[in-house]
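In structure tokens, one chain follows: the form predicted alone.
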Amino acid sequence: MSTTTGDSKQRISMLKVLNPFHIWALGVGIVLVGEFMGWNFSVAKGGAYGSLIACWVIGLLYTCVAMIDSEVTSTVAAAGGQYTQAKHIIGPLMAFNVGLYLVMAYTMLEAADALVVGDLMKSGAEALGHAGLDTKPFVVLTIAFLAWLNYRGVFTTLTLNFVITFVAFIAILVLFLAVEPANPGAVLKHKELLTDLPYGWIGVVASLQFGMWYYLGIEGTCQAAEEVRSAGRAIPLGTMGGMMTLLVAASLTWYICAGLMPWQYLGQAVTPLYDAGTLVGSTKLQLLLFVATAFAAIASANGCINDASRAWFSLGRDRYMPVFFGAIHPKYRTPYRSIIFLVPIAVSFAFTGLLDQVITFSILSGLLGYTFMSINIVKFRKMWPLGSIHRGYIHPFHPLPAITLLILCSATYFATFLGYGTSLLSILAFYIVASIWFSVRRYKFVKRADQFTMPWPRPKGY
């Protein structure tokens, strides 16, 4: 959006106010809810051991994502993250699809978070003797309040995320200490509860789908690239630091829950860490886990609103979507129209109550984006070799991370097909139809000459 003063034209831009701690809070804040719910559906697919294997295998997938993203985003420092990367490196159709992947992945994740908040409030009410509480008002209130917070400014939004994410992470550490890890058998019953793989290795493969929930969303740190003071420093530090935090939290979460609950129950629990806190028998610990679960879901929804709105805003600013959505608030410097537009979409999906289906939509949208990254980084290195442009971070061992990422994405597609084949085909059909719509209806509005905003030399070979 632009404002005009006399004969001059000034473009309103977003404020550069964020530092590495905010980037950490954005990435970990979106993802940490996956340690409080969702990951345990992998236990239902492959048993407790299968879920642990999925945790570490998918951890490798996301480590590749974090390394690749840190290099490209610290170089292409603009709102839209992977969408902006696709726009500069591959082309408009890929950029449109990647932007749509981002919007849908974060909006679905936001809906899942709101569902968790509603279910948690219902569980708390039942514990106090008030059965039959309607969860829908809590869903609407959560999304509406966080949308208002995002509307008012990114600094306050992500500062809040840092505080409540830190509290949620500390709660996992407190629970870990409370189950006496140095005294096996006293509280944790791994010896009695852990069994062999109930469905064999095919179950382990199937568990990869929900193993993504341990880390889904860490790539959202890229969406803040236009609002950090130093992208070359903040993006790599915040993203890689966040990934290390999540690897620790995921391993501790599995260790605690697998030692307290049979895999048959754990595989279908809505809030497994809260249930674990309840089983320890401490009222204070139960209250802490209740608050931490709510904080984790709120932090995740908060970050998702931030990221989805930036991706949608970028699509509007570049005319991939109506330019109406490319506006920035003149006072708060936020993409306010995009924030407001996505609220009813998130509420609608949350009202379905289908947590596993909403999670699957988010996972598959994210997975499509990760597949693009493996192709994108190879093309990026070929077009602008090391030394031709300044990079804030250079990830090591190229092209091994890209190859590993592509192999693990392929395995996860197969895992999703095993349990949610219809959903997989439906989502792919949705994106194919969207691509046709873009090619026929929107491509004519895109100004190719305005797409390349980076001061780079001509690509090698062009």
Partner chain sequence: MTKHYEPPKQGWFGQIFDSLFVLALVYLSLMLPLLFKAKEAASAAAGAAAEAVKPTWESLQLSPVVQEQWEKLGYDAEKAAALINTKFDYTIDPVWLVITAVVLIGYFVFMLKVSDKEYRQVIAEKFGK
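Residue numbers count along the first chain shown, from 1. Every value quoted in this text rests on a predicted model; they were computed, and no experiment measured them.
Just so it is clear, the following notes concern the form predicted in complex with the partner chain, a form of the same protein that is not shown.
- Choose one stretch from 339 to 347, 234 to 242, 302 to 310, 155 to 163: the one whose residues place a heavy atom within 4.5 angstroms of the partner chain in the predicted bound form. Result for this chain: 339 to 347.
- So, 176, 255 and 385: all three within 4.5 Å of the partner chain in the predicted bound form by heavy atoms, or not? Verified in the predicted bound form; spot residues all out of contact, no.
- is_contact(residue 391, the partner chain) in the predicted bound form, heavy atom dist at most 4.5 Å: Close contact is absent here: in the predicted bound form, residue 391 is far from the partner chain, nothing within 4.5 Å, heavy atoms only.
- Even though the partner chain is not shown here, does residue 325 get within 4.5 Å of it in the predicted bound form, heavy atoms only? Yes - in the predicted bound form, heavy atoms of residue 325 and the partner chain come within 4.5 Å of each other.
- Message: I'd like to know whether residue 108 contacts the partner chain in the predicted bound form, with contact meaning heavy atoms within 4.5 angstroms.
- Response: Output for residue 108 is yes: heavy atoms within 4.5 Å of the partner chain.
- Task: Find out whether any non-hydrogen atom of residue 192 is located within 4.5 angstroms of the partner chain in the predicted bound form, and reply yes or no.
- Result: It does: once the partner chain is placed as it appears in the predicted bound form, residue 192 has a heavy atom within 4.5 Å of it.
- Select from 203 to 218 the residues with a non-hydrogen atom within 4.5 Å of the partner chain in the predicted bound form and write them out in sequence order. Heavy-atom contacts to the partner chain in the predicted bound form: 203, 206.
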